[in-house]
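Only one chain comes next, encoded as structure tokens, the form predicted alone.
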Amino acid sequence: MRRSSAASKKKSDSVTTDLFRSGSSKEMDRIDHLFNQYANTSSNLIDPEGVEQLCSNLEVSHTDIRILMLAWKMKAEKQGYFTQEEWRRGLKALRADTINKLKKALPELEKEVRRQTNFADFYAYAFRYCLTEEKQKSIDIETICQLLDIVMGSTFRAQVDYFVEYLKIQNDYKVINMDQWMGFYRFCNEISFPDMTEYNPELAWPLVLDSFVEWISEKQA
């Protein structure tokens, strides 16, 4: 009787596993089917045209921060392009195998990204995602200003507005590198604004932030 019971349990476990695999496989088939609706058939990539169509179907602008968050979730490497592997990774994690499910997943994705434990990683990713040339290490001021507005504007509006204004009028920096980019994130999180009493230029701040703080102080005087 015990052998029969053990065999029955083993068979039951096997059926459950097969059903799980079958369900998982069907979900991946639907994710792949969705990918193919947007992918360029010759390159097997979702290219900028496909991304634009995806944005249209999601009813969001291609400059909406949630599209950047989606790219972060996929761990997409090249701006404006999604590989099938990246698409699978992101949509499986979001449990979205239809466009409606993906649309409904975006608010939760935004909450996930905005958690303090994730946002610094997302902020760094946003910079890397804009490095579009091989061996590129820095980003031009105009692009940085747009990126700051998208990524940080809703959280640190005053700091972003002042920093963007400063970047546009100064002549010392034509580009911003990752160290300077992350320095501004640290500035927003550690320094009270606009009094900036905690700011100490003797500490390891990027020089661009020393100049920025000096500019604000002169502006407030």
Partner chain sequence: MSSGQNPNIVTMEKGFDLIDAAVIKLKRILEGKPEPDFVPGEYIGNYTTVYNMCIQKPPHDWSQQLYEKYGSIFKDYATHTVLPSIMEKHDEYMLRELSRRWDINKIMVRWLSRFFFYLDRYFTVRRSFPSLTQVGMTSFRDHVYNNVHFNVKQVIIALIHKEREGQQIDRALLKNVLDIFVENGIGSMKRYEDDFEDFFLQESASYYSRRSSRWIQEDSCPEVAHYLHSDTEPKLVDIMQTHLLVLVAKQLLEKENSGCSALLRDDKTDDLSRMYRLYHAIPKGLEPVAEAFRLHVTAEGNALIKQAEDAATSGSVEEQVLVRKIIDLHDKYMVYVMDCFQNHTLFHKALKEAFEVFCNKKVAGSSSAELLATFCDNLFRKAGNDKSNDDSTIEATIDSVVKLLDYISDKDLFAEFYRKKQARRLLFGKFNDDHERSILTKLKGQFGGQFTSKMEGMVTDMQLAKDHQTGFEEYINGKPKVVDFTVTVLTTGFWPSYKTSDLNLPVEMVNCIESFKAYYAIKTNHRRLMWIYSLGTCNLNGRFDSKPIELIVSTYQAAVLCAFNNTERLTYQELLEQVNLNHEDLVRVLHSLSCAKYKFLNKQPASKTISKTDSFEFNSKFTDKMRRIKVPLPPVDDRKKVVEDVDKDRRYAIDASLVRIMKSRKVLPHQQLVSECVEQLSRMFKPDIKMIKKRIEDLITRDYLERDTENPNTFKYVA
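Numbering follows the first chain given and starts at 1. Note that the structure is predicted; figures quoted are calculated from it, not measured.
Unshown form predicted together with the partner chain; subsequent notes refer to it.
*Asks:* Among 31 to 39, 50 to 58, 65 to 73, 171 to 179, which stretch has residues whose heavy atoms lie within 4.5 Å of the partner chain in the predicted bound form?
*Replies:* Going by heavy atoms within 4.5 Å, the stretch is 171 to 179.
*Asks:* How about Arg186 - does it come within 4.5 Å of the partner chain in the predicted bound form, if we only consider non-hydrogen atoms?
*Replies:* Contact check for Arg186: yes, within 4.5 Å of the partner chain in the predicted bound form.
*Asks:* Does the partner chain come within 4.5 Å of any heavy atom of Arg95 in the predicted bound form?
*Replies:* It does not: once the partner chain is placed as it appears in the predicted bound form, Arg95 has no heavy atom within 4.5 Å of it.
*Asks:* Taking the shortest heavy atom distance, is Glu198 within 4.5 Å of the partner chain in the predicted bound form?
*Replies:* Result no; Glu198 lies far from the partner chain in the predicted bound form.
*Asks:* So in the predicted bound form, does Lys137 come within 4.5 Å of the partner chain, heavy atom to heavy atom?
*Replies:* Yes, contact at 4.5 Å.
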